[in-house]
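Take a look at this single chain in structure tokens; it is the form predicted on its own.
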Amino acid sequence: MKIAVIGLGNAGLPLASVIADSGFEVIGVDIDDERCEKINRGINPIPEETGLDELIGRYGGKRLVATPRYEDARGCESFIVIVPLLIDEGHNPDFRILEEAFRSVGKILKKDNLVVLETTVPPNTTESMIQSWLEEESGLQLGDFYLAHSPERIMTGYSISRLREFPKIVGGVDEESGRLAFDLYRKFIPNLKKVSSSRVAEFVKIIEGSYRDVNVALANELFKIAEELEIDFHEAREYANHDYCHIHLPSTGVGGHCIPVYPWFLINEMEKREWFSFAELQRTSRKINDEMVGYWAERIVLKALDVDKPLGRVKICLKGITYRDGVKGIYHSRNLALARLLARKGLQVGVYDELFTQGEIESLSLRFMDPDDADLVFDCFDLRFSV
């Protein structure tokens, strides 16, 4: 059996590698020519992904062949699509990348092929838009081909172990699609569960993100209260957490492609239906987490006033601009937003991140600063100051 994986990014490439490691021939399709060339030479384009070097070195260009051409995947029996779904400034999903991918798959789709979407999408997307695009381009109808949803549940940096150990779910737009998708995935996913529909599978992933967002917002709120009451939040958290309570860690906000995005799928849908109160907690959590940048900017300014220099001459270094420690990604990074907010205030702020070169930092229109040269250092991940 040949399996096509459409999208060889941070989620798609680890999945394609695990499938290849399970004995399947994999055709990976990605629009990035350079990335495809690296993979086919056995070079891992995501070096921070634990365990991926070995798999790409072993299978790249052999059992796992990368190509920018959909036509090269025509002989595949199954297609797994995992391309980005971004949101615009109004928090509405932009389906253009998804539509292009599925229409391209539709052009090479054959009778009895299975298509599985792994991108996290609003509920009902798989059985409406995705099915429609495939039918329009292929001339086939559901039943001639099969369609399911299996949302990725990885964690960047640990994707290989997550795929091999963490529970994964799959649900079809109809019973036969769900059965066929389950039979395929259990050949390379050890911990697999089948749910009743693609809509349930879509919802599972979204509510995981909402859960994290709400709980981070609670931690941020409790942290601010503890500071105001002169209580050591971290000591209190240590003793508050047990089998029936898990207070998350506070932060500068929530970044990345997942947690700050998915709650909007539900918030927007409830607003369209005019059930505003149904998503009130999620909207409030989004507001709390996004406003943490302003909170920390104020704390940094107050700390800088303690330095024996005029405020405008205090050298402030922010350590860590990525959205998560150890991950070279800045999508919706609140640490990056914090650096830019302080710069707009006219402060002498620079950034340092061990994952970025000085040139890469400067290409983001930021000033590079070595922590040793700063008067005040704020660690964006530990939320600690040093002078």
Ligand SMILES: NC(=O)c1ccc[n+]([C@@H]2O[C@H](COP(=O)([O-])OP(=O)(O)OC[C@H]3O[C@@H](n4cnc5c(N)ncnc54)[C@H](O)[C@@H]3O)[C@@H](O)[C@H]2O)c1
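One rule holds for the numbers: they count along the sequence shown, beginning at 1. Nothing here was measured: the structure is a model prediction, and the numbers come from that model.
Separately, the form predicted together with the ligand exists; it is not shown, and the next lines address it.
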{"query": "Proximity to the ligand in the predicted bound form (heavy atom, within 4.5 Å), stretch among 92-100, 269-277, 283-291, 226-234", "finding": "92-100"}
{"query": "Touches the ligand in the predicted bound form: Ile6 (any heavy atom, 4.5 Å)", "finding": "yes"}
{"query": "Interface membership of Arg199, the ligand in the predicted bound form, 4.5 Å heavy atom rule", "finding": "no"}
{"query": "Val29 within 4.5 Å of the ligand in the predicted bound form, heavy atoms", "finding": "yes"}
{"query": "is_contact(Thr120, the ligand) in the predicted bound form, heavy atom dist at most 4.5 Å", "finding": "yes"}
{"query": "Site check Gly12, Val83 and Thr156: each within 4.5 Å of the ligand in the predicted bound form by heavy atom", "finding": "yes"}
{"query": "Residue among Lys205, Arg212, Lys194, Lys315 with a heavy atom within 4.5 Å of the ligand in the predicted bound form", "finding": "Lys205"}
{"query": "Contact residue in the predicted bound form, chosen from Cys258, Ala73, Ile160, Leu114 - any heavy atom within 4.5 Å of the ligand", "finding": "Cys258"}
